[in-house]
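The data below hold one chain only, encoded as structure tokens and taken in the form predicted on its own.
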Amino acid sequence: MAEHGGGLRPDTEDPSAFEQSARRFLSATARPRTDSAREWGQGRDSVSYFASGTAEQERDAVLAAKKWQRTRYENGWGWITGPSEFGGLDLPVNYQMIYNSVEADFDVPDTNQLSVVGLGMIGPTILEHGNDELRASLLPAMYSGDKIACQLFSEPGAGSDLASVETRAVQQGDEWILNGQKVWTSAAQHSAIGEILCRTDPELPKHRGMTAFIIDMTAPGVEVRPLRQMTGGEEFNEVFLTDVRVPDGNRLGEVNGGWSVALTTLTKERDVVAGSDTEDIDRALTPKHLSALMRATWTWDDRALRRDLSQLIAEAMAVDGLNEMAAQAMETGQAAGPERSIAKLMHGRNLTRSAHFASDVLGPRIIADNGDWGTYSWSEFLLASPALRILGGTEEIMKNILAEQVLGLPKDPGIDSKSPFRPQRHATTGGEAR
């Protein structure tokens, strides 16, 4: 029975009807994408992984993304797999994949600023660990595009070793008082709320004694300072917290049980970064585009470069295969297995190799703009490439997960998960933990 049949709303009768209704909705609200933009030498030639425009351009892009997300939500397409009480459709993940495939044929605003962290990671975490009031107040606002969310996990001394966070939360009555610093926080400057992991009991072992909260990013005491990247943009931020008050009702999960909440978010993070790229990268790394790059630079007959191109294509296909396995598991209601971690590890490496491959093909053209289409534009991707093996969990973290959880090898001997956190920090830093 169609729950939303008619007009521009989803027809959920079956996958075929759903796809047809998605096409009706998109035909009425967006323009079809033209193929010319994907041909070599035509359209924009950007090879950008991170946002690189001015602050004004980025704000305009965020406003366009929020407007498009609202259009989706008001017509029933905002949260296809989510619960109906929060505006979702309660449909399996394959319906979301069908919609994504149809939407790719249309020219719509890029919604990554909302969907990668906020809707892909924090929304599902609130749904699983938030109380009823928190879910009812935040989830519709997030999936309708009204509220962007950021993830406040990394700190100057705790990134790869996330269990070492030192930002403190001290309870006073029905509130918590937060003090500390977070860093590398994507989209904090655009966010209305943030999921934060804090130390609430330094006498407990490091993986315990932490608690997760949702904070208001506009609350007194929250200061966001953008970080300028060498690619030109300001996509990441430092966030300083000084006596920030958070209601206990904004707590996610149990007091001192923040590690399990963080694992939920990190699992979702691997799902969204395992194979997802920007539209620019998707276009630039197709075999057709890379082959055209070699022909345009008269390197097509270079046997070493052709071997490298073949390897890139083969490994990209392997990542696609792993993501397909994970998607099939989720379609049947199973949790994605180790294939997500393997795909994330391989995908980061493939992106880095792709940037270096383009550098080898282009030679000096990648460091000096001579006006040729599709050449100097690769420089931004090359500058971004070191970050691609770190974001969303470093390669070392992915290797540890695979070694311990898949191969059954002993845990890293350098991690003490039994001693109280405060003495550990004292022994490591020679100072008192905050």
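Numbering starts at 1 and runs along the sequence shown. These numbers come from a predicted model, not from an experiment.
Form predicted together with a small molecule: not shown, discussed below.
Decide whether Trp184 counts as a contact residue for the small molecule in the model of the complex under a heavy atom distance cut-off of 4.5 Å. Within the cut-off, so yes.
Check whether Gly257 has any heavy atom within 4.5 Å of a heavy atom of the small molecule in the model of the complex, and answer yes or no. Contact check for Gly257: no, nothing within 4.5 Å of the small molecule in the model of the complex.
Does Leu152 make contact with the small molecule in the model of the complex, using a 4.5 Å heavy atom cut-off? Close contact exists here: in the model of the complex, Leu152 approaches the small molecule to within 4.5 Å, heavy atoms only.
I'd like to check something about Phe50: if you look in the model of the complex, is any of its heavy atoms closer than or equal to 4.5 Å to a heavy atom of the small molecule? Contact check for Phe50: yes, within 4.5 Å of the small molecule in the model of the complex.
If the criterion is a non-hydrogen atom within 4.5 angstroms, does every one of Ala296, Leu362 and Thr375 touch the small molecule in the model of the complex? Spot residues vs the small molecule: no contact at all.
Contact segment among 365 to 373, 61 to 69, 39 to 47, 385 to 393, judged by heavy atoms lying within 4.5 Å of the small molecule in the model of the complex: Looking at the partner contacts, the answer comes out as 385 to 393.
Which residue among Phe86, Phe236, Phe357, Tyr95 has a heavy atom within 4.5 angstroms of the small molecule in the model of the complex? Flagged contact: Phe236.
Candidate from Ser160, Thr278, Ser291, Gln328 lying within 4.5 Å of the small molecule in the model of the complex - any heavy atom: Only one listed residue qualifies here, and that residue is Ser160.
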